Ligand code: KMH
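Shown here is one chain on its own, the form predicted alone, set out as C-alpha cells.
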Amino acid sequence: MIKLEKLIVTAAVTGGEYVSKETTPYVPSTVDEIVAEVLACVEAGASVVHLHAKDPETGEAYSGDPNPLMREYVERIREETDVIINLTTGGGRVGNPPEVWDRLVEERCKIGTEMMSLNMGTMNRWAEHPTGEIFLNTVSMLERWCGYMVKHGVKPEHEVYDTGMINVCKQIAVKGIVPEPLHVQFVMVGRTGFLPNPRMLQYSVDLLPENWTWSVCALGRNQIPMAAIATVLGGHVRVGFEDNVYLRRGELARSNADLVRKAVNIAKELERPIASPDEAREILELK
C-alpha cells in the first residue's frame, strides 16, 4: 500500500553550479534576494529550502570559501521563518583540492542547518564544469561526511543518481554511520544518471526499505511531471531554479515560488495535503 503522508515540498532556490544570471535574470544572488525568495517559497507551500552559495553580482557559484556566506544565509532566514534549511556539501570545490573539502564540510555542519545534501557516489558530470568531467565522492569520503553530519545533529539527504548509489546508502545504514530511517532523493538527470520516467522511479523506490523517506528532483521540462509522479507514489518533491528555470515551455519562471505553487496545486488536485515545516520535521525525524 502506498504511504500518502503529507507532501514535503523542497525549493532549491539559488541554483547550483550550472545556474547564473546568464541562465535567468531571476535567480536570487544577494543575501537579501535569497532571503526574500525563501520567504516567497515558504508562503507558497515549501517546508524545506536547499541552498548553494552564490556570487552576489553574477549569480554563479561562489568561488571563495562558501561557509561564511552560508552562515549568513542561515542566520538571516532564521530571523524570518522556521523553514527547514538544507545546505549543499558540494560548495567550495572550485579552486580547492580534495584535501580541503573535508574541512569545509565539517565546518558547514556547525552552521546550524538541519539538513545537508550529499551525492552518494562518484559520477560523470552531465554538463561542462570548471572542476572537470568527474564529480568525486568516494565511499570513504561519504562515510566521513555522514559521520560529521550525525555528530553535529544534521540529517543527511542522500542524493542518488543511479541504483548503485542506493546500495551505498544501504551500506552506510548497515554500518550504523547514519541512523535509520534514511532520507533519499532521486536525482533524475538523464544523460549520466537515472532516466526521468515512471518505470525507473518505481523500480528505484522498490529497492528502498519501507521505512525510509524519499524525494524526487528532475531537470528542465521533466521537473514538474516527475514531481507529479512522486506525489502519486507517496514520495516528496523538489522544485526550483537549481533544476529548472522555466514555468512552462518558453516562459521563464520569475520566482522559485512560481514552481512551488505549481507543485502544490498538483498535490491539491490529487488531494494530498502539504506538510508545514514542523510536520516535515516529524516525517523526516529531524532532531
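Not measured: the values here are computed from a predicted model. Start at 1 and count along the sequence shown; that's the residue number.
Just so you know, the form predicted together with this ligand exists too; it's not on screen, but the next bit is about it.
In the predicted bound form, this ligand sits beyond 4.5 Å of every heavy atom of N197.
Using a 4.5 angstroms limit between non-hydrogen atoms, T88 touches this ligand in the predicted bound form. In the predicted bound form, this ligand sits within 4.5 Å of a heavy atom of H52. Contact check for N119: a heavy atom falls within 4.5 Å of this ligand in the predicted bound form. When you look in the predicted bound form, the only residue of V187, L201, V105, V83 with a non-hydrogen atom within 4.5 Å of this ligand is V187.
For the residues Y148, W101, W214, Y161, the 4.5 Å heavy atom test against this ligand in the predicted bound form is passed only by Y161.
Residue heavy atoms within 4.5 Å of this ligand in the predicted bound form occur in exactly one stretch of 73-81, 204-212, 174-182, 153-161, and that stretch is 153-161. Although this ligand is not shown here, in the predicted bound form the stretch 236-251 places heavy atoms of R238, E242, D243 within 4.5 Å of it, in sequence order.
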